[in-house]
Every structure is written in structure tokens, then in C-alpha cells.
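The data below hold one chain only, encoded as C-alpha cells and taken in the form predicted alone.
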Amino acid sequence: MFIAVIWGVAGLGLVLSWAKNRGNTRKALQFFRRAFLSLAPSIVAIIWTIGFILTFLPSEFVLGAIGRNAGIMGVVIAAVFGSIVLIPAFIAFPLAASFLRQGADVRAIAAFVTTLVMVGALTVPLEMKFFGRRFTLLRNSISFVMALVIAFVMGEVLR
């Protein structure tokens, strides 16, 4: 129902815009077309990647590793996984939503997404080159601990 309302409002806006100024509306539609076509490969990549991952990670595995019954160990596993992988955020967020729908723990998903953004285990050598060993290790360690804190706070807030 909500989606129908959104489409209805968008359609009404388009009709009103067309009635007011056809030239500007035509330019806006051409801009939308170009933007949509430039985003289409990314959208297809997101759908394909999530489908691929979910095909090879059965629900039982996800629930066993990061499900609600996995406890603190599931949160740590998700945090370590998020620290290691290099997944763009536009793929990670829908993937996290899919894991939540399969029954993953909110804390584990929060740990995964937060470490994905804040910790970069694979980029440590490059970061050390520019910022030095001490800073890089300190930043990544603090980020990992803070990601766990955020995960447990999110778990309490969203219960």
C-alpha cells in the first residue's frame, strides 16, 4: 500500500510538473533516464551479489554463526568478518537486511556493518605506509572495540 501511495504521489507530481512547464519536465525526465542508466549496473550487481551470497550461505549456517542463539560469539564472528571483507556499503546494507530477515541477531548485524565501515584489516599495509604502524594499529583496534560497543548498544535499543 505504501509503495502505491509513493507511486501515486510521484505520478501526480509528474502530471503537475508537465502541466506547468513541459520543457523543464522533459529535461528532468532526460536527466532521470541518464541517472537511472548509470545506476542500473550497480543495482544489478547488488542483486546478483546478494543472491550469490545467499545461495551459498544457507539459513542454517547464518543462524548458527550469527543468529540470536549464537550469543556474544556470533557478534564477534560478525565483527571479524566485517573487518576482513571489502564489500561496498551499497551491497553490505541490503545483505545485512537479508541476514536479519533470515533471523540473524541485530547485534551481529550492527557489528558486521560497523566494522565493515570502520575497520580495514585488508587495507592495513597501505594505511601503515601513509599513517605509520602505531597510528594504524591503534585506529583499527579502537574502531573494532567501538564497533562491538555500538553493536551491544544497538542490541539493547532495538530489543
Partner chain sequence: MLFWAIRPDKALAVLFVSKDYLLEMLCILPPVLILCGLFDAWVPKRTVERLMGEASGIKGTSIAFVLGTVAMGPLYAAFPIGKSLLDKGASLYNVAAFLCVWAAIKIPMVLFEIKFLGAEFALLRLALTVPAILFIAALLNTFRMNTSRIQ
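Because the structure is predicted, anything quoted here is derived from the model rather than measured. Positions refer to the first chain, counted from 1. Only the largest set of C-alpha atoms that superpose within 1.5 Å between the two forms is called the rigid core.
This protein has a second form, the form predicted in complex with the partner chain, left out of what is shown; the following refers to that one.
Chemist: Please tell me whether any heavy atom belonging to residue 86 falls inside 4.5 Å of a heavy atom of the partner chain, as the geometry stands in the model of the complex.
Modeler: Yes, residue 86 sits close enough to the partner chain in the model of the complex that at least one of its heavy atoms falls within 4.5 Å.
Chemist: Would residue 103 show up as a contact with the partner chain in the model of the complex if we use heavy atoms at 4.5 Å?
Modeler: Close contact is absent here: in the model of the complex, residue 103 is far from the partner chain, nothing within 4.5 Å, heavy atoms only.
Chemist: With the partner chain taken in the model of the complex, which residues across 93-119 come within 4.5 angstroms through any non-hydrogen atom?
Modeler: Contacting residues: 93, 94, 96, 97, 100, 106, 109, 110, 113, 114, 117, 118.
Chemist: Any chance the CA of residue 153 moves 2 angstroms or more between this form and the one not shown, core superposed?
Modeler: No, shifts by less than 2 Å.
Chemist: Superposing on the rigid core, is the Cα displacement of residue 142 between this form and the one not shown 2 Å or more?
Modeler: No, residue 142 moves less than 2 Å.
Chemist: Does the distance between the two CA positions of residue 46 reach 2 Å or more between this form and the one not shown, the core being superposed?
Modeler: Residue 46: C-alpha displaced by 2 Å or more between this form and the one not shown.
Chemist: Closer or farther: the C-alpha atoms of residue 86 and residue 48 in the model of the complex, versus the form shown, with a change of 3 angstroms or more?
Modeler: Note: Cα gap between residue 86 and residue 48 shrinks in the model of the complex.
Chemist: Say whether the C-alpha atoms of residue 46 and residue 127 sit closer together or farther apart in the model of the complex than in the form shown here, given that their separation changes by 3 Å or more.
Modeler: They are closer; the C-alpha distance drops by 3 Å or more in the model of the complex.
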